[in-house]
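The chain below stands alone and is given in structure tokens; this is the form predicted on its own.
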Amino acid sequence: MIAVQKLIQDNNEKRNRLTEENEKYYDQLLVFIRSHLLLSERQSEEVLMEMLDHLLLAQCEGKTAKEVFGTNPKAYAQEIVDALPKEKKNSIWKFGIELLGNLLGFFITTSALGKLFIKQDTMYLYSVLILLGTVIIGGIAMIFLILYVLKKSAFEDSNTKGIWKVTFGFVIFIGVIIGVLSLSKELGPTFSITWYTQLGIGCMLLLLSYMMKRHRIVTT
């Protein structure tokens, strides 16, 4: 069984053989299908590879993607998405933990580097929990926003609107974090943690997330 990562690499190489017109059409299908996070990753990539191989053969015969898949790529892509099975719940949970580790690891590591300059080791338990909860919820919301924008803009000629939506969402996300930091100061019992201990925790979470990703790539 070919690993998903190998399928993706082969797909990237084979797409270079497409004409500009066919590549544009195929990329729309690819972005739309891959933006459905809950679909089986393996079967999605297998279907995309079958479509690409079929299109390359047809291209050699002088046919275009529209002649092969139809003039309505969005409707065709939706049919494929509807037919593909969902990812296993166990895999979705593992992927969620991987993303969570990456998100928290990045945030904690960045915060630790900030503490290096302000020299403040005292923290407040409830304030920390509220902030971490905000980061997790906001991070998940940003992921779903990006996937939503990818689905909506996959078949549009310009993705400017999508970029503005994601930028606006990110600005709100940062604004909420700043607001929570301001409103939830000094809540709960105190504890001390040095910047290098915090840095170590953040790096461990990033390492854990990386190891889970490597395991997922090898075993999927």
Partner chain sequence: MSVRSQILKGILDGCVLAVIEHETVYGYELSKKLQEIGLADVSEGTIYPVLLRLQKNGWIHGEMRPSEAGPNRKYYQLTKNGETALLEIRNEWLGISEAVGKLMKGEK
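Numbering follows the first chain given and starts at 1. Since we're looking at a predicted model, the values are computed, not measured.
There is another form of this protein, the form predicted together with its partner chain, and it is not shown here; the text below is about that form.
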{"item": "Region of this chain that lies against its partner chain in the predicted complex, out of 43 to 51, 191 to 199, 148 to 156, 171 to 179 [heavy atom, 4.5 Å]", "value": "43 to 51"}
{"item": "is_contact(P85, its partner chain) in the predicted complex, heavy atom dist at most 4.5 Å", "value": "yes"}
{"item": "Non-hydrogen atom contact F69 with its partner chain in the predicted complex at 4.5 angstroms", "value": "yes"}
{"item": "Exercise: L57 in contact with its partner chain in the predicted complex, heavy atom 4.5 Å", "value": "yes"}
{"item": "Partner contact for E79 in the predicted complex: its partner chain, 4.5 angstroms, heavy atom", "value": "yes"}
{"item": "Within 4.5 Å of its partner chain in the predicted complex, all of D27, V31 and R34 (non-hydrogen atom)", "value": "no"}
